[in-house]
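In the block that follows, a single chain appears as structure tokens, in the form predicted on its own.
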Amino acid sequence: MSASQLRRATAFAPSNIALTKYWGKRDAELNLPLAASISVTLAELGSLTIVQPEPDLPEDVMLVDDRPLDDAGMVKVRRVMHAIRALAGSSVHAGLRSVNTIPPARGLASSASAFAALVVAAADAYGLALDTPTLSRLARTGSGSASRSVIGGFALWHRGTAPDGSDSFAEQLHSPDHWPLRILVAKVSDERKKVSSTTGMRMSATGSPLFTAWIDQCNRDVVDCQQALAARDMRKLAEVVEGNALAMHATMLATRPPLVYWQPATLGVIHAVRTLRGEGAECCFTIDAGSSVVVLVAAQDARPVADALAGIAGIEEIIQTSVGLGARLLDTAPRAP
């Protein structure tokens, strides 16, 4: 493809919340997981990314929320862009801009939406028509959980066994309308977490005596979670999803030095959700590597559950959304003839 045929492309990708977690890598460079994981895709919360190939740029540059991306982030971005240019047979670098509708570094998987949007926009900008598994694999190389944000509804990210990661990608288990749950994000802290997921994952793998048992539990939970989703069984889903999240945080807490992401309000939400479910509300919680809590709830129970959570001391905001579509193009500039 000639430089004149490259074009600006814009894509949006949603964040996703893991129902069974990704916390452990068999290959850190390729972001290959030690266990499969299942996620739910959010609707409005995510990242909008513009990719503009520029022949005069000596390297890729990126703004995120109007600030230059840091060096560590650019290493990952350039890795993804290099792979896309290799597929397209192009040497042209790009100017990139991303805007998030979800706060970064709060345990809400903002990197997942960022890299999924980047891959979808960049593929189109460089003239590539890639299938969904390929887009998922490419997104994975930037952020492991980004493999799932390419997919809408409920997704399964395959662990895979191939050393090159060719069989480690996400696919859809169920469309968004299979189980139209409401999703509440109980925002606990406005501070960025002190230990990133990448660093924390590495620390747990080498410093937690519970780590091997944790991976074994994930392998069992993936099977049980698929059954609960297929049956739309909230009681079963709560048992698996809450148990998996608590097992991950137990593994973190047992790490030396310990990884403590929770705040007092985090525990307040946990107790409240369990109480509300005991009173008849169809809901369950999960927590990624951060202090905020995500609650899945049946549509008829969303308002009373949200109101109850909003009254907990330390909760800054309740963000309400639903199960959404995967990453998609929003617009593109005309391509040169």
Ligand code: DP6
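Owing to the predicted nature of the structure, the values given are computational and were not obtained by experimental measurement. Don't overthink the numbering: it's just position in the shown sequence, from 1.
One more form of this protein, predicted in complex with the ligand, exists but is not displayed; see below.
Only one of 284 to 292, 271 to 279, 60 to 68, 42 to 50 lies within 4.5 Å of the ligand in the predicted bound form by heavy atoms, and it is 284 to 292. Note on the partner interface in the predicted bound form: the residue among 111, 266, 100, 251 having a heavy atom within 4.5 angstroms of the ligand is 111. Checked against the ligand in the predicted bound form, the residues 159, 93, 76, 187 give one hit for a heavy atom within 4.5 Å, which is 76. In the predicted bound form, no heavy atom of residue 181 sits within 4.5 Å of the ligand. Residue 197 belongs to the set of residues with a heavy atom inside 4.5 Å of the ligand in the predicted bound form. Not displayed here, the ligand is approached by residue 143 to within 4.5 Å at the level of heavy atoms in the predicted bound form. Though the partner is left out of this view, residue 18 does reach within 4.5 Å of the ligand in the predicted bound form, counting heavy atoms only. With contact defined as any non-hydrogen atom lying within 4.5 angstroms of the ligand in the predicted bound form, the contacting residues in 16 to 48 are 18, 21, 22, 23, 25, 31, given in sequence order.
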